[in-house]
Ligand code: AMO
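Coming up is one lone chain in structure tokens, specifically the form predicted alone.
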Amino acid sequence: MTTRTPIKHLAALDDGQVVVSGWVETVRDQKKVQFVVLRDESGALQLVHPRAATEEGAEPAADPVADSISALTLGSFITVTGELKHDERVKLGGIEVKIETLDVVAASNPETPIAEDSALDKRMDWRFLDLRRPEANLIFRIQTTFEHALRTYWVEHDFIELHTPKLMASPSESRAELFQVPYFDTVAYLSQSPQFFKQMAQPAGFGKIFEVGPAFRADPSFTSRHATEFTSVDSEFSWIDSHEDVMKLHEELMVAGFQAVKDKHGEEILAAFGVEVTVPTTPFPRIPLAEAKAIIAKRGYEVPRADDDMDPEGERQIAAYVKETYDHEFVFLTDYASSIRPFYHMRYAEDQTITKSYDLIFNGVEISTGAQREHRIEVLIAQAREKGLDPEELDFYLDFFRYGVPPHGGFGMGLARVLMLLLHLTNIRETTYLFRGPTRLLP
């Protein structure tokens, strides 16, 4: 038997017999000729079957293939042997396959539970069907290309890849937003981030490290950009002078990722999403948070928060300002107040109320937080106490800093948010393979 040929490879073949397999997307069951649009993981193809001719008044000739096509339900998985023909008149890729044999490998129920206009939550209920859309397939090919480009950059710059544990004995950020799970005769927590363990690599002498892996937040938010489980892109490295070194690494990674996506998928993205991928120029604009708040205040927006943080509308406002002023989709908001940053962020010696940290804003939404870390043990202990944390509960972490650790820093970034904003989509459910939120554990 001839080996199945992926649809995207057919155009390069000469006319002749081929075997194709895929899902039935449409059927046009006409009197003299039948058409089937078949889709596999690589593309779509027109299949054609001229019905057996019959003389006037005669009994219709037996035509098992025609009978099979007439009985097809949309979504059924079929295998077809037929004759490949190049024909520029065929709108779908300029090729078609004339059916010789048709085997229904797995029939689909006639009533499909979702349609193109189904609500997002309904589509998430039937995610495996929703993912059959070519746009969804493209999203995860883009994700693959983006991750590969980041990993290539890291490897070429001598970073080490780590896989840190996701079961922890103590929280990595704070006691808020923690998932607690039974663990034999004690309690464990699902990791909110690999923060402690990627920092552990610095006194271990690994220096430059990275990880792409899951993180968990018991956050009851129902926004378009939050999830209880997400893929976090993390990097940490030693021998830095300030958070400026971290920002430089971060922007170089984004340029590498966006360039790879544009090179490989730019035309497909434009056709599917109407978005032209822009590879950002470096350096990205940098604006201290206090200055950013003053800028958006002049634009008529005051951040309505009791703490010192920025809010989502403020992020959108400063992004709009950056786009108008610098024609840039990215901006680093720097120098966040220590009151809203974790205890392990380093503070300025001349102003202890400000940290050497940043948030990276992309198209109006925060996608990442980065900082220089505090590596002096006595300062770490003092800052932990100030945050209401018990240093004894952090002893395993604090031990990292008792045996010599170089100045270091890093960042964590949400992968699904980057893809959502890159493609100008409105919800990370679209760019997450299987979304997890406060009310969703299935599928």
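Note that residue numbering follows the sequence shown and begins at 1. Predicted, not measured: the structure shown is a model, and the values here were computed from it.
Same protein, other form: the form predicted in complex with the named molecule, not shown, and the subject of what follows.
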Contact residue in the predicted bound form, chosen from Y344, F330, F210, F146 - any heavy atom within 4.5 Å of the named molecule:
Y344
Looking at R151, R286, R217, K166, which has any heavy atom no more than 4.5 Å from the named molecule in the predicted bound form?
R217
So, R225, G410 and G414: all three within 4.5 Å of the named molecule in the predicted bound form by heavy atoms, or not?
yes
Exactly one listed stretch (65-73, 39-47, 397-405, 370-378) reaches within 4.5 angstroms of the named molecule in the predicted bound form by non-hydrogen atoms, and it is 370-378
I'd like to check something about S108: if you look in the predicted bound form, is any of its heavy atoms closer than or equal to 4.5 Å to a heavy atom of the named molecule?
no
Would you check, heavy atoms only and a 4.5 Å threshold, whether E366 touches the named molecule in the predicted bound form?
yes
Counting only non-hydrogen atoms and a 4.5 angstroms cut-off, does I428 reach the named molecule in the predicted bound form?
yes
Would you please decide whether F230 lies within 4.5 angstroms of the named molecule in the predicted bound form, comparing each non-hydrogen atom pair?
yes
Residue by residue through 181-217, which ones have a non-hydrogen atom no more than 4.5 angstroms from the named molecule in the predicted bound form?
S193, Q195, K198, R217
